[in-house]
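Below, in structure tokens: the form predicted alone, a single chain.
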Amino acid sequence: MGYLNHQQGYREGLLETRSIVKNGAFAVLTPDGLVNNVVPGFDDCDMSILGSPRMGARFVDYLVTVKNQGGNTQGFGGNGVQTFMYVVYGNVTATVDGQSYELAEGGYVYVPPHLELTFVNNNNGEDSRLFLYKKRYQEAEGVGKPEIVTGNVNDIQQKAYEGMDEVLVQDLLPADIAYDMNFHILSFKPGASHGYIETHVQEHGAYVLSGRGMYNLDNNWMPVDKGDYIFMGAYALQATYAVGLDESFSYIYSKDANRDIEI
């Protein structure tokens, strides 16, 4: 059973999928094949573990569907692990260090590595869906400490990406060297693309929020759609064209930043 589409039993056609995993290099995971993982501390939640060290990532991404009054009251992150939560749809109440934040669709919160995140569903009995992230924080001398950041993407101005008016970016965290990672939303109008095929040391975990694209992943052109998850490993070739008629191809993604490579 693909728990997101609630389909059980035999399919009418052959078993097939667009999903592909090349450990350490790249992956595309479609909603159809995701399974429900039981994780201690998450109550009344359906969740799939997406990118993880077992895939070659240095972070962990989750897709979480929070039901009823479900959530995590035990605590997520802390003890050197920073976390980030983005509300795909619904409404949740997040609490960090005694302060509560009401997060509707497009809302997010970053929690530094010395604090824990808790949250409960607050969507009038309807489900909420979250894109959740954790990564061990990489200390660096003389750079200060990251702080709690919260906001909503609907309040963040879109900026032209690398001089292209048809490609827009939103930066969700401060451009501050205290943070060893960042989150962005990149949106391509139909027909728009990256200006070049990127090759870099940074890793990405991306969740497609809208539209469709053709993504070059390590020189493999892959179709991607709303609800897909994409992992891009260090030095994996990467670029995309937006396809479709009238909806922008948009995805939220993480990026490690502001640190040298440890040896």
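One rule holds for the numbers: they count along the sequence shown, beginning at 1. Note that this is a predicted model, so its numbers are computed, not measured.
Missing here is the form predicted together with a small molecule; even so, the following discussion is about that form.
The putative spot formed by 194, 198 and 251 is fully lined by the small molecule in the predicted bound form; each residue has a non-hydrogen atom within 4.5 angstroms of it. Contact with the small molecule in the predicted bound form, judged as any non-hydrogen atom within 4.5 angstroms, is confined among 54-62, 218-226, 32-40, 231-239 to 231-239. In the predicted bound form, the small molecule sits beyond 4.5 Å of every heavy atom of residue 183. Contact check for residue 22: every heavy atom lies farther than 4.5 Å from the small molecule in the predicted bound form. Proximity of residue 18 to the small molecule in the predicted bound form: non-hydrogen atoms within 4.5 Å are absent; the residue sits far from the partner. The shortest heavy atom separation between residue 212 and the small molecule in the predicted bound form exceeds 4.5 Å. This chain is drawn without the small molecule; in the predicted bound form, the residue among 137, 86, 101, 161 with a heavy atom within 4.5 Å of it is 161.
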